[in-house]
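Listed next as structure tokens is one chain, alone, in the form predicted alone.
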């Protein structure tokens, strides 16, 4: 059995959660607008209410600016969440904030498509556009 107060406490500090660094590399085509789509079919986190695993497909679609995201570091970033009790909405927004901080894209959309649990399906979409 999990400790619900531990998960509740984490939710109040989710933005400060220390995650692995998402690394980048220099975009040699920053003069062009092009779309990069990355899909993680095996995202796993923990339901903060039940302590059971949550499974999702996380899709990132972005227009890079000066930097592109390095995929191995992004995979390690995603693996970090497998033992974290976090709400679906918090997952997608945390990934958005960390992704934007790492590579400063021109535009990004992140979609978390979470597997059905108890007859309920959740899809969360978060967007960012550079001003």
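Residue numbers count along the first chain shown, from 1. Since the model is a prediction, treat every value here as computed from it, not as a measurement.
Not pictured, yet referred to below: the form predicted in complex with a further copy of the same chain.
**Student:** Is there a heavy atom of residue 22 no more than 4.5 Å from a heavy atom of a further copy of the same chain in the predicted bound form?
**Tutor:** Judged by the heavy-atom cut-off of 4.5 Å, residue 22 is well away from a further copy of the same chain in the predicted bound form.
**Student:** Spell out, yes or no, whether the shortest heavy atom distance between residue 41 and a further copy of the same chain in the predicted bound form is within 4.5 Å.
**Tutor:** Yes, residue 41 sits close enough to a further copy of the same chain in the predicted bound form that at least one of its heavy atoms falls within 4.5 Å.
**Student:** Can any non-hydrogen atom of residue 15 be found within 4.5 angstroms of a further copy of the same chain in the predicted bound form?
**Tutor:** Residue 15 belongs to the contact set for a further copy of the same chain.
**Student:** Look up in the predicted bound form whether residue 82 has a non-hydrogen atom within 4.5 angstroms of a further copy of the same chain, and give yes or no.
**Tutor:** Residue 82: contacts a further copy of the same chain in the predicted bound form.
**Student:** Need the contact residues for 94-130: heavy atom within 4.5 Å of a further copy of the same chain in the predicted bound form, sequence order, or none if there are none.
**Tutor:** Sequence-ordered list: 94, 96, 97, 115, 116, 117, 118, 119, 120, 121, 122, 123, 124, 125, 126.
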